[in-house]
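The chain that follows stands alone, in the form predicted on its own, written as structure tokens.
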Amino acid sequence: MTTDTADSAEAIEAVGIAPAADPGFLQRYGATVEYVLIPGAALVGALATFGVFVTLYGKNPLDLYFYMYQGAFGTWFSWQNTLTRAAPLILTALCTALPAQLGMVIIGGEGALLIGALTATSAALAMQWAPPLVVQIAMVIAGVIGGGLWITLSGALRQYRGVNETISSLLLVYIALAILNHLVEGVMRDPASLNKPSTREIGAANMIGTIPGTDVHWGLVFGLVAAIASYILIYHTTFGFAARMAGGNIRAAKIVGLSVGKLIMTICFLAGACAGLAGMIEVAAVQGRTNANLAAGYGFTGILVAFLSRQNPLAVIPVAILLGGISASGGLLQRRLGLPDASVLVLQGIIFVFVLASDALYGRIGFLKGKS
């Protein structure tokens, strides 16, 4: 065999090697494969476990999965319902995902959403004389500032008083809910709201419309833009590099002269701003006023979205759509299978447990390390 023929044979053999069997490929992309494989396996395991519970309830788990798909993605109406629910989930997930770059665990997105909704409503009611576009811009600004400052409180407590941000942000949720109930049932209450205390309506002219040709409101676009902008900020700017460096080793960040306190306060404000924007959207696109219906759990589901997406702002988008679809299928499961409406919340809890348990698998799967 000539040298040229031997070289050609080796080249053909090299091309024929499957990427998954190539140690070099796994060394380069093993971590990326992990970030897809492990959360996916956790999700499948959670669905299987939920199917076991449904079987014990006397229902066919295959029917469960079929109706979940139908309710989430089976028709155009289902897709629109799913995307509408995904919009606030994207924004509240960013409230957890952004501080995670600094090694912080913020779980107070629900509180920032409520404060953002309250401040946005206040701005709209105070500017009834203004043109709709001006009112909408004022609502966005008020919601962003309100939510941003709310989560900044957790950052400030962490930076200046050493208070754990996970505990403080969670407690701030209940404070936000208490403030909302106090104002809605007090000075901001609409006298016409008898059975369910609410504020006055912001006005039909000040509502945010739907994307042309769909029933999905513009909040979805807000969420997509926020997620993309967050990804660019974290992975393609010096600020994002500094934040990730501080999150990896805060002592090293201080040694090289980074202002860790400034990073914490800025990231917390941006995180809260995202959740506050979600609250504004819920008022301006769905509710039309502020009341207890705003405490729908979007902030808590956003935590699950952030963890399932491994705190990646871009990965938040498909995961939020998936979780939004699961939430949207709850009504169909109740009608067709007779399952309780809260069964979707049980599934979300199981998913969260599986995601947390699967965290121990990262870096421990031998065939993804590219070693022979």
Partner chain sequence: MDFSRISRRHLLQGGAALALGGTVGARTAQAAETTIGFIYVGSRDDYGYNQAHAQGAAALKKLSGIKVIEEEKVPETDAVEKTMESMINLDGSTLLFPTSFGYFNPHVVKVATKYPRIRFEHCGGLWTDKDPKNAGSYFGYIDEAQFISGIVAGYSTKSGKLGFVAAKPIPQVLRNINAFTLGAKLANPKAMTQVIFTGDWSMPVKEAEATNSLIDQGVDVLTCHVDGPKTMVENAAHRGAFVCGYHVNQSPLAPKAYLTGAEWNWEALYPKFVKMVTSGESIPNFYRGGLKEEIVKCSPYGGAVSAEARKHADDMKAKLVAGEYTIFKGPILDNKGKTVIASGVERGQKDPELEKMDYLIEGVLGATS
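Numbering follows the first chain given and starts at 1. These figures come from a predicted structure and were not determined experimentally.
Heads up, the form predicted in complex with its partner chain isn't pictured, but that's what we're talking about next.
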Find the only residue in 138, 258, 229, 286 having a heavy atom within 4.5 Å of its partner chain in the model of the complex. 286
Identify which of 205, 194, 187, 225 has a heavy atom within 4.5 Å of its partner chain in the model of the complex; exactly one of them does. 194
Every residue in 44, 67 and 77 with a non-hydrogen atom within 4.5 Å of its partner chain in the model of the complex? yes
To test your reading of this chain, name the stretch in 231 to 239, 115 to 123, 81 to 89, 265 to 273 whose heavy atoms come within 4.5 Å of its partner chain in the model of the complex. 81 to 89
Can residue 331 be called a contact residue for its partner chain in the model of the complex at 4.5 Å between heavy atoms? yes
Is residue 296 close to its partner chain in the model of the complex, meaning a heavy atom pair under 4.5 Å apart or at it? yes
Can you tell me if residue 52 lies within 4.5 angstroms of its partner chain in the model of the complex, counting non-hydrogen atoms only? no
Within 4.5 Å of its partner chain in the model of the complex, counting any non-hydrogen atom, which residues from 198 to 228 show up? 201, 215, 217
